[in-house]
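Presented below, as structure tokens, is a lone chain in the form predicted alone.
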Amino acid sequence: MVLWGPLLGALLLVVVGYLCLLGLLRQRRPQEPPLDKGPVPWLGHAMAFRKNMPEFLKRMRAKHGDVFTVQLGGQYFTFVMDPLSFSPILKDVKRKLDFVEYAEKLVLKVFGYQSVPGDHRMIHTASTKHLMGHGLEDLNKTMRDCLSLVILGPKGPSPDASSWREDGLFHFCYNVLFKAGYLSLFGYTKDSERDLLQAEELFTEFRKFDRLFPRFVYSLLGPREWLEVGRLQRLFHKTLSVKENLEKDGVSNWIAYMLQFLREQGVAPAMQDKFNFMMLWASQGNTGPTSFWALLFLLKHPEAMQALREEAARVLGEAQQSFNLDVSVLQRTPVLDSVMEETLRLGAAPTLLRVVHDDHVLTMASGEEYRLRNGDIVALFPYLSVHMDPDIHPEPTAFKYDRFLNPDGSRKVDFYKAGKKIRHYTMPWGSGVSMCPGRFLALSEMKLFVLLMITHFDLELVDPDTPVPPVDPQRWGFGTMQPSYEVRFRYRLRSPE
């Protein structure tokens, strides 16, 4: 009779021993960046990294300089902290640094979607075609109408809409943007009340998945949480299925274009359902949280709110009394543009990753050369390297609504580091091949929402002295940060003047 317990225990010891041995055997080669394998075999610095990513990277930079390699859970990451040296990584003319490989593994794990050849390029093509120019203008009109439906209801303002209502600001922003975005992209029926109810139920499930997302990516879930993630994945695959979409009107041209490509490639309907889940997350995972920070900063800085309302009055005129505003005004709002760019500078903290294919030499702006090892991952963390650099952005932790405005009111694009003009002065959307293809739509959604809220509603914090909450440390590296606790606010519909 086989004793399975001792056998499995021995096998586990062999596997763990092998993984530890790989970490112990790795040594720094000539011209490679400083190597810091961390205190624990295989895990390396994973725990410190997860606990507080920015503080960990600050310590490593103070210890090793602007380039260093650290071990995180058996994988070696080379962080480049000098923004003047980003261009060779982001351009990568020799194609030695691959973003697509890492992204394909991630979406398979998180959303269950198995990439097909050319789909990454297809998403960018679809976004250029339908999320810019006339395509974006049409989608903005749909988004405006869906925002009106979500905020005011299917029958318009209720009789008590001018009375104060109280809510959590984060929940309110995330809920409204998610529902309006979902209906705008994935379609609706003739029954608006039913659509809103379904969107509300879907948002509840989306937030459950959202809360598990960071630890899911790092494979740190407990047994029950793994089961919950599986349930949520199946629910979204079903709700967003191509079969369900056939019964709806108004499915966006963007989604329809991409699904048509997948059908032509012979992708099974079940895999198309998973693709839709991925696109829902990509389009709605950051707009709500970003809008929360934008409204909170405006509420905490009355001079910014006043400047924005004055701009809205100028560009909208009498139309500011109507939710049915002309979406073309979004092209004439430099103050709002600066507010959103400053909000993203403070609130967006993505990590940009590239897998190294074949040993590769990275030349820094200083002229120093470092050899990057095949199979390692090059990582950029612009939040720390760019957004919080006082040389590029004086008083980097302060919200300055006009930071991205010139004295004449035009957009400011000239920023410097060490006396040199810097190209990548903010990077909330990533850059290069990993730049978010839906950024124009996302920005338009948020601008529309903020514009409608500040022109049609009186807004105030329940406690005017409440501080801006610190960010949830679990969210570092995953796009827009989320607050560590809720902020209560009041709102009421403004009476027509």
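Throughout, we count residues from 1 along the sequence that is shown. Fair warning: this is a prediction, and the values are worked out from it, not measured in the lab.
Not pictured, yet referred to below: the form predicted together with a small molecule.
Shown without its partner, this chain lists Trp254, Phe77, Tyr401, Phe261 as candidates; in the predicted bound form, only Trp254 has a non-hydrogen atom within 4.5 angstroms of the small molecule. Only one of Asn286, Thr343, Ser184, Asn276 lies close to the small molecule in the predicted bound form, with a heavy atom inside 4.5 Å, and it is Asn286.
Shown alone here, Phe99 lies within 4.5 Å of the small molecule in the predicted bound form, counting heavy atoms only.
Contact annotation for Ser434: at least one heavy atom lies within 4.5 Å of the small molecule in the predicted bound form. When contacts are judged by a 4.5 Å heavy atom cut-off, Ala282 counts as touching the small molecule in the predicted bound form. Of the heavy atoms in Met60, none are within 4.5 Å of the small molecule in the predicted bound form. Stretch-level contact check against the small molecule in the predicted bound form with heavy atoms at 4.5 Å: of 467 to 475, 445 to 453, 60 to 68, 35 to 43, the positive one is 445 to 453.
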